[in-house]
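To begin, one chain is listed below as structure tokens, in the form predicted on its own.
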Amino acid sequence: MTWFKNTLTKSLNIKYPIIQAPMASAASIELAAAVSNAGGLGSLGLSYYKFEDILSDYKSLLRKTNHSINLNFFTHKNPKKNDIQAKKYMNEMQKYFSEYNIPIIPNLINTTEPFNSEHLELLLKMNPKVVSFHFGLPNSNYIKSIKQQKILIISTATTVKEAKILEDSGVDAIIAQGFEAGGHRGTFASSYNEGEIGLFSLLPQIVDATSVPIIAAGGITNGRGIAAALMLGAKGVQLGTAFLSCPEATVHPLWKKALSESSEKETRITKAFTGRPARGIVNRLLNDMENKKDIIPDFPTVGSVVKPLAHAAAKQGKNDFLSLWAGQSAPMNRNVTSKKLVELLIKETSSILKLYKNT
């Protein structure tokens, strides 16, 4: 059997077990369509969408591809109100607003809603091949409705404990997200520290502890990484950072520049940009808030304050307040189209596995 034909590719109805991460801030319609058309699974992150725009954009995506598509939603808990913490945070942020002559600091407001009954109704109407969730799962009644409609469910685990919870809840596949991954950590039932495990330690443990297909994520950018993940029991891989350098990704020019210079930069996990741990390239705000984690309010309110600063600084050519999401393997990114990237990944993986088979 060819290495890329397995239970996961069959259930997802895709040619290659390569999933493009939803990346709510960067995964465009064009990127998702191109990856699906190339034989992988394209994904669209809908968490920061205005609700009224979701259906029209999904229809636009369907006009660009007739292959399987993954729609992704956040399932975070609503933030806790903490007036003392909020006041300390606002006092800390005031200096930046003064520096950029922004007269008013916005209120802390939710920048995204967790998956809810309206989302469920719309999801069932859109009827994609796959839905994925980040930060856990929605309630069991929602899961039941989704499964009744034969939509495949994927969610992320950062510990074995979380993987077991997901399997018991009825998911069809689990993303094992390693510490190396860029963007938001999917941790939901463990402490953030417990979820900081390298992929090649986490992956075989989750494979051994569960019976559903496991998708490896975190630090994979080429065929060597894919082959290694498959050898450790993964049925597929999810790549995010690797696709950020593709022209189809909606990446701010300053973010793209930071990615191109990533060999000289450090990535670090921070709560500074959203209130929830996420890995990005180190910049001014990330550095400044490194030892002030306790004053950062809950996700997803922080973005409402950081956004105007990011906009003002970017107008001056500075990435000081941009969330420069990137995984630890960003220096290995290639500036090619998403179609070309998928082709390279398949060619490299095939070559490595053939070489291994012949030794």
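Predicted model, so just to flag it, every value in this text is computed and none were measured. Just count from 1 along the sequence shown to find any residue number.
The same protein has a further form, the form predicted together with a small molecule, not shown here; the description that follows concerns it.
- Partner contacts here mean any heavy atom within 4.5 Å of the small molecule in the model of the complex, and among 263-271, 231-239, 165-173, 201-209 they occur only in 231-239.
- Although the partner is absent from this view, residue 76 stays clear of the small molecule in the model of the complex, with no non-hydrogen atom inside 4.5 angstroms.
- Taking the partner from the other structure, the small molecule in the model of the complex has no heavy atom within 4.5 Å of any heavy atom of residue 225.
- Of the heavy atoms in residue 255, some are within 4.5 Å of the small molecule in the model of the complex.
- None of the heavy atoms of residue 196 is located within 4.5 Å of the small molecule in the model of the complex.
- Proximity to the small molecule in the model of the complex, taken as a non-hydrogen atom within 4.5 angstroms, holds for one residue of 244, 123, 285, 214, which is 244.
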